[in-house]
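In the block that follows, a single chain appears as structure tokens, in the form predicted alone.
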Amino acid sequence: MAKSTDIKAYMDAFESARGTLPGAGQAWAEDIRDEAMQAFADLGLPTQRLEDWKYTSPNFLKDVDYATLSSGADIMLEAEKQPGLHILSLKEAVAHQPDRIQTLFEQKIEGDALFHLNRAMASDGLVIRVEKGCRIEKPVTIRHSATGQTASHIHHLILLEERSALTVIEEFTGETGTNWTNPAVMVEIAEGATLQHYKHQNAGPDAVHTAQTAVRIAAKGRYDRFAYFTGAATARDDVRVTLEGKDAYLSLKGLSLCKKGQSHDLITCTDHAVADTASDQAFRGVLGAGAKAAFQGKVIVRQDAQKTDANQSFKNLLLDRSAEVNTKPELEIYADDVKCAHGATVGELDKHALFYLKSRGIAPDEARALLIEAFITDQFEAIMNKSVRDNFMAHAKAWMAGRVNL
């Protein structure tokens, strides 16, 4: 990234806000924020010369002076009191549990300017911890809502101790305004723990959503994530996972429904750091006229990571020839006893299937809708939580209603 004069506006905004941010007045927190802001300044604002931003226009950062805008995202937590589950706001955790929170807050995503900006400017967030051996039955739901011309940098920390289990549901909504939400979620999964993580990005039509998720999985740990993207004018979902222990398992799945004027980009980096780990990635996109989507997925297999099993799949359904999809799966393999595969497909609705349905008396629009629904429903089958699966499916049907000619 090249440095930009725009950086000064962010630096000035940081200096103005720092006294109100969680950890203000605590030397260790101030040091972390200063280091993060300096890293952001050194990197500069993203440009399309960067490989990770090749398919995403960062012009939204220039179109609106987000550096001068205050946080406009509200966080609503829906969680029942359950033994072994602890939830604090970022401000409470920094103030009352500095020894526990410091190590987590120090985690960083190197080379990602917007993540460094998030860590420097984080004004809110949640710290969720599940005690050793506790399996939390009822999901924790986090709802983010942003309206108006605002910018928000939310920072969540999720820690699952040994042999614990939790389900987290994230929802992003908004109706009006060119607001920018730049959230980060840092996840630590200890030995034998399991996290099911579901995300629905349904921000407003003029919104920008740039999200970063970083996950570390210990031995026999499991991370299952499903991201459902339907909102925002520009949306990026950047997920980086390190499998650090034997028999660690990762499942990344997702679906993007994208219409005219929208751009949805997914970036993943899966690092198999040790032997005997497995990852499975499968994403689908449905794109209407003028819609854009991209997938960049990298799998790294380290030299000692023998017996790695890694798969990537990205399938896209184009409803109009003016839709655009870019895919770039990558494998970096330094071990010799592995099983790795990747694939990407881009296609239109099956003309033979359409002809068959029409020959049975089904109207053309209804026939198209049935084929799109089948493509979507098949992907939703990966969702293990029935309530989430049903909610996503109901929303997808509403999205499709009247839009078969997108």
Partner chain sequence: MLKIENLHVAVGGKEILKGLDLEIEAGSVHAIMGPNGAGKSTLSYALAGRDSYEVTAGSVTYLGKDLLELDPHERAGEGLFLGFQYPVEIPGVSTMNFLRTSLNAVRRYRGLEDMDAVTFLRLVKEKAAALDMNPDMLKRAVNVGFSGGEKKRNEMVQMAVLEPTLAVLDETDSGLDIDALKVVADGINALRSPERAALLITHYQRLLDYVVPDFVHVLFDGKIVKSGGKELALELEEKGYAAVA
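Take the two forms, superpose them, and find the largest set of C-alpha atoms that agree within 1.5 Å; that set is the rigid core. Residue numbers count along the first chain shown, from 1. Every value quoted in this text rests on a predicted model; they were computed, and no experiment measured them.
Quick note: we don't show the form predicted together with the partner chain, though the next part is all about it.
*Is the gap between residue 59 and the partner chain in the model of the complex 4.5 Å or less for some heavy atom pair?*
No.
*Should residue 356 be counted as a contact of the partner chain in the model of the complex, where contact means heavy atoms within 4.5 Å?*
Yes, residue 356 is a contact residue.
*Hey, in the model of the complex, does residue 44 get a heavy atom within 4.5 angstroms of the partner chain?*
Because no heavy atom of residue 44 falls inside 4.5 Å of the partner chain in the model of the complex, the answer is no.
*Does residue 374 reach the partner chain in the model of the complex if we count a contact as any heavy atom within 4.5 Å?*
Within the cut-off, so yes.
*Report the stretch among 364-372, 35-43, 22-30, 59-67 that approaches the partner chain in the model of the complex to within 4.5 Å, counting heavy atoms only.*
It is 364-372 that comes within 4.5 Å of the partner.
*All of 92, 100 and 135 with a heavy atom within 4.5 Å of the partner chain in the model of the complex*: Verified in the model of the complex; spot residues all out of contact, no.
*Is there a C-alpha shift of 2 Å or more at residue 360 between this form and the one not shown once the rigid core is superposed?*
Yes, the C-alpha moves 2 Å or more.
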